[in-house]
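The data below hold one chain only, encoded as structure tokens and taken in the form predicted on its own.
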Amino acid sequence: MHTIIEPFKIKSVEPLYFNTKKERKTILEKACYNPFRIHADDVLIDLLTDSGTSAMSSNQWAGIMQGDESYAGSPSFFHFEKSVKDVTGMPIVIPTHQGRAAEKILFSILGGKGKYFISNTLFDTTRANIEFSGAEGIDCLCEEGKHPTIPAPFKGNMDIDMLKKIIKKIGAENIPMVIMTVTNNSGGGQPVSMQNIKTVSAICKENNIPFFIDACRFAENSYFIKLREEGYENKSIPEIAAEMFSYADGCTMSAKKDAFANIGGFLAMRDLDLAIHCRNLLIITEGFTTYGGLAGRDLEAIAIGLKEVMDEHYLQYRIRSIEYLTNKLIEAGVPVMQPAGGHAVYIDAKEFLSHIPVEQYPGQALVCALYAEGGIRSVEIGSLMFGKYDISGKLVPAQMELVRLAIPRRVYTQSHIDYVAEVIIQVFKIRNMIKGLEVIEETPLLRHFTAKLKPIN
């Protein structure tokens, strides 16, 4: 088999800025050991997120120049609306400025005290918007997904038996929605099978509970279904995506992921009554119903990106790139989520830094070590992001302590990825020298974005 090459040519570049290890240690200290507080110019390889960091295509940039900035009824909206309808099959499309805005609208309407939202795994902003409404979020991840280094084809699946038990325990009337995140971001970027989506949809219909898909990475999930699920090997990505959405009552999407856009998102659904409430809140908080807080040029970029992302040559390159880095780390003995996910490599920080207890945030300690060693910015997905406090103030840790290296789409080359592997392997060799951290300042919601920490002596 020939080498899988990037299915694009580079037309424009931007410079990287180099600094020394000594400088990075000072930068890290000034940033209070939180990568979100580091200036981007001080980062060499930025793997903090794959959200809004993609390289747009020449067609998308051309589309941006075609963007119509009319306040109402812009032609760019109708291009955007058609693209979303073509992908999802949903008759109602509501633009928002990004995914969390769609979540804010949805959960403000459906949430509230005494309500519960169930998911395979809720990501940070989704859970925060649920909790901000007064409701609670419940993760219902399959058993295979709880063991990072043991491979399984669909570790993002929802636990069907657990879902049934939760519905029976708290009552369907108290569950406004079940949400399936594809791929499962908090669970290591792992895919969800079509059979699992179909089964969860059937359970929701049986209990009269709306079923939504968090579709940020729908194309990557569709490609995994094509690769791993029997009966889909000869189906196209648009066909697989269409079937996936057909089981849902609606979806949210941050178009900053699988639509390659730098900003934007949407709500799509089948329920007209819910859509009326959503549009009313949209007008108050985001903008008119045909722009939703976005410029016309952004609507054009999303419309084009939604089509480009379903190209199988791109998806083959994308998934193989993540697998390439994962395999290099496995060969060096680094504990990583297996098999490789769709958009990121996840290091098992609990095993990597087994000498650091969870209350000293091993994931965040590893994030800081990677930056200090090689200028790589990543993000902790563990007890800093998802940990809670009990009534006595003691930390209730997250299910897993992971470090995510999210690879921006069409941005870095193989030599960049080789460099990332070298830095991680070097840090692995000196891992026993890394110290834990303690929080010295935090906010009640989404604390990981702004928290200040310091090393434990």
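All figures in this text were calculated on a predicted structure; none of them were measured in a lab. Start at 1 with the first residue shown and count on from there.
Below, we refer to the form predicted in complex with a small molecule, which is not included among the displayed structures.
Phe123 is the sole member of Phe77, Tyr116, Phe211, Phe123 with a non-hydrogen atom lying within 4.5 angstroms of the small molecule in the predicted complex. For the options Val192, Ile302, Leu353, Cys216, the one in contact with the small molecule in the predicted complex, meaning a heavy atom within 4.5 Å, is Cys216. Within 4.5 Å of some heavy atom of the small molecule in the predicted complex lies at least one heavy atom of Lys257. Mapping the unseen interface onto this chain, Gln98 counts among the residues with a heavy atom inside 4.5 Å of the small molecule in the predicted complex.
Interface membership of Glu103, defined by any non-hydrogen atom within 4.5 Å of the small molecule in the predicted complex, is confirmed. For the chain shown alone, Gln426 is not a contact residue for the small molecule in the predicted complex, no non-hydrogen atom being within 4.5 angstroms.
Of the candidate stretches 192 to 200, 271 to 279, 303 to 311, 248 to 256, only 248 to 256 has residues with heavy atoms within 4.5 Å of the small molecule in the predicted complex.
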